[in-house]
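First, one chain by itself: the form predicted alone, in structure tokens.
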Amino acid sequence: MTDANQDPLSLVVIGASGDLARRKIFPALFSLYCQRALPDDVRLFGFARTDLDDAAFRRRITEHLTCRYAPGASCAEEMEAFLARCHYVTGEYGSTDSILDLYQRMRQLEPRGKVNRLYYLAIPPSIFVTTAESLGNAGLVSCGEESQGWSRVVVEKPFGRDRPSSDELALALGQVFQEPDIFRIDHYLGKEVIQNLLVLRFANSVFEPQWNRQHLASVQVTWAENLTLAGRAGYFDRYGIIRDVMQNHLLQMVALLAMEPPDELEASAIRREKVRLLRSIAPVSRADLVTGQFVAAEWDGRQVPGYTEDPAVPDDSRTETYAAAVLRIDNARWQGVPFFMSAGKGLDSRCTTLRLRFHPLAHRLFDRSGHRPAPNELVIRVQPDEGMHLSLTTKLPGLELKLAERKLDLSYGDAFRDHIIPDAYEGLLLEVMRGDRSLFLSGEELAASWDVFTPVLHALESESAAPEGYPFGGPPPAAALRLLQWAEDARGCG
């Protein structure tokens, strides 16, 4: 794999000593390096407050590098060559002097003339702005002059806490970087199955005619984890599951599932249709939202403490670890079709699925058989075990008419066993370097997303009632099951 842009590149990961950088960003960069997808003249810089030298930094990131694209003896050679391109500078994020130290190190290693620069802010959102301002004050951001090369920045969610704070963040970043150079990353958009949604919908004539209210009764988007919040509870308590998962990951899936066909496969055309769809979603009402918080329970042979028992969480915290909502889309295609959305931590499984349920049969042809066919469903498995299946009713072999539900199953692991499924960050980083914003959120799209949830988030903050408790490792709160109409289908992940 090669890329057309072979100008020299300096890629700076700010927050390079953190988990995101070590577990995701640098492993993804190594995978791209092994596939020859990085420019030949590339340097990688880590910047963080942790006091490290180049050797210590290289040892840290080596722990998570894998040899998927360079098996056998060649892996050691590839890794050695990759690490030789990695450098580290210690400093304070909001300090112009520290950033100038970084600049000095970069200039020592960069060639003269045109150099592209990419900054990945793998840091808490609370210091995005001061760090970006320090980059600008230190002269590390070009102003669009072709002779200097481009300067792009990648920022991680959450992008604010509501619409007003998101607007403030966008305005502040816009004082340093131009909007086309800001890449707001949502790693779910880099997942192979999510990228396949446009192909599934618009490259298969069997689906598009069915993709509307005449044929679909409901759509369910489910995100579940059976993990604790150990080590992340302090961060999570400032945001909660709605801001952490639903307003971004799940709403992006809904946008791709429900948008109208774009005129072309260009970033601007895709974003235009996503924004149009998001603006047609009515703000979530308090009556259409249920929140929960996991409590202590025995799970998997051990006692797991409740959310508020974590030392990093206040005893009276009302932060939700689970939420379920009904979205209502006001347009001709989806009028009257409920989009059920749920996300939770501390549940009984780990999965992300999209479930499209078709209307039941209007006729009663098979009622006398005693086996009325169940509604057909198309289930798209984002994780784990990527794939999709279509449930059909079929006749069981034999002399009598007996019906059974069976699945037409497309498992990525079986169907594409000769292909390596890339990590989401691999594809997203490559698209940043190419300048393709199709898989990233524009400011307009971000604002439309916040408008869906901001009113109900403010309503929750004004309440005194605590979220409904549910045992760790158990099913969602009972009120959520009623809201989602899952009393007979609580599995969600199936």
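Residue numbers here begin at 1 and follow the sequence given. Because the structure is a prediction, the values reported are computed rather than measured.
Just so it is clear, the following notes concern the form predicted in complex with a small molecule, a form of the same protein that is not shown.
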So which of Tyr188, Trp150, Tyr119, Trp334 reaches within 4.5 angstroms of the small molecule in the predicted complex, heavy atom to heavy atom?
Tyr188
Just to be sure I understand the contacts: of Arg271, His389, Arg163, Lys157, which is the one whose heavy atoms reach within 4.5 angstroms of the small molecule in the predicted complex?
Lys157
Tell me which stretch of 396 to 404, 412 to 420, 75 to 83, 237 to 245 has a heavy atom within 4.5 angstroms of the small molecule in the predicted complex.
237 to 245
Contact between Glu133 and the small molecule in the predicted complex at 4.5 Å, heavy atoms?
no
May I ask you to check whether Arg276 falls inside a 4.5 Å heavy atom distance of the small molecule in the predicted complex?
no
When the contact criterion is heavy atoms within 4.5 Å, does Arg350 count as touching the small molecule in the predicted complex?
yes
My question is simply whether Lys345 lines the interface with the small molecule in the predicted complex - judged by any non-hydrogen atom within 4.5 Å.
yes
